[in-house]
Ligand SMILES: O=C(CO)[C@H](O)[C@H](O)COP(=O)(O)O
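The chain that follows stands alone, in the form predicted alone, written as structure tokens.
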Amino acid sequence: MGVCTTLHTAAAAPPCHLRGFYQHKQQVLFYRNTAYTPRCGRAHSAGLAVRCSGAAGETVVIGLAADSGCGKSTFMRRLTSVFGGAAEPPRGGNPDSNTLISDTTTVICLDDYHSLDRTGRKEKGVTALDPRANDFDLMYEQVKAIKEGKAVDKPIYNHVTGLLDPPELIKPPKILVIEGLHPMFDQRVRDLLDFSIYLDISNEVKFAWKIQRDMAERGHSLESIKASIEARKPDFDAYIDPQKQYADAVIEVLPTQLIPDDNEGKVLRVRLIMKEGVKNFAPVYLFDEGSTISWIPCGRKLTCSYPGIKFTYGPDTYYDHEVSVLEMDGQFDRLDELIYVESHLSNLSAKFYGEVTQQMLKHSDFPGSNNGTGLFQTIVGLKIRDLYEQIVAEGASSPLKATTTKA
């Protein structure tokens, strides 16, 4: 149910443009017996304006933070799949757009809020990770507008040319995901988030992944890869990594502990760190909520080659927050047997028994599908769907309120 605010205004109203965005025809405004859908969100008659908004129609905003090359794109594909429909670039728009749109979800890349193009960053001697290369005022204004049900003209950062392209129209979806380097850096933006996730890839794994990708796919030398990582590290440590303290869920990817001195990054230990006390979010648990569990699944029910699989679960603290941590070390050989693990997990927010396994099988070709990265990304996707449905239900049940004020 919406919340309507009645305002007495002057006959003339100020223009509605604000920093490159405008209110779209999303709100139906009621004045006496006439329904209005004006561009500016105002009904001008006898000096009276009515604005309607509310949780039932409000966009739910999810923030996803991670460094470059840490699996954000794969996570987005898993998330949008949970809601149904594949995420695709806007039709008929800029072919170099970073935006993805599905039936329910719109994903925008925060690189689009770079205030400096590639040449500008080089001239000023800053990286894209540096806050000085990003427009947080515009980011806040536009995310706030979308959350309130208003369309915006969002800029586009062209990763091919390194230039800032003309903007594209973004209409408010049911769920907006802002993904990139800085979704939790600015407190104003952080306060708009209904849920936040941080993908925390350890330096050892990040280095192994970057070698596999950049040497095999892009022909980069080992020396150039090392130099690239070292050049970014100071800014990453200063501006990106600290954001994980604000995340409601952290997916932490580490080297395995099942193979002594492993440095290949092929077998992973993945931890799902879930903050306690987050509204509309109940952490997943293994066997017994709040207990400390160490579990090696039965080899007759879960096929896994060397070095095997180990799960742990228990309470912990993370940046002074109480958390629950679910960990998986090792990898699956057969995804259809994942149902055995799923049956021992609770608070999954699945619609039916086996939904986690079904989602994993559907995307078995995605990176991380045989280990904890894919499993925990899928679980977080189900939790976000549940959170969205709870927010919508709360909005639909809230009473209609009216407030009258004088100008």
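All values derive from a computational prediction rather than experimental measurement. Don't overthink the numbering: it's just position in the shown sequence, from 1.
The form predicted together with the named molecule is left out here; the points below concern that form.
Partner proximity in the predicted bound form, defined as non-hydrogen atoms within 4.5 angstroms of the named molecule, places exactly one of 154-162, 135-143, 189-197, 293-301 at the interface: 154-162.
The partner is absent here, but in the predicted bound form a heavy atom of R118, alone among R118, K171, H321, K147, sits within 4.5 Å of the named molecule. In summary, among the residues K275, H114, R269, K244, the only one with a non-hydrogen atom within 4.5 Å of the named molecule in the predicted bound form is H114. The named molecule in the predicted bound form is approached by R232, whose closest heavy atom lies within 4.5 angstroms of it.
Put simply, A128 is close to the named molecule in the predicted bound form: some heavy atom of it is within 4.5 Å. In the predicted bound form, the named molecule sits beyond 4.5 Å of every heavy atom of S343. The named molecule is not drawn, but in the predicted bound form it has no heavy atom within 4.5 Å of N347.
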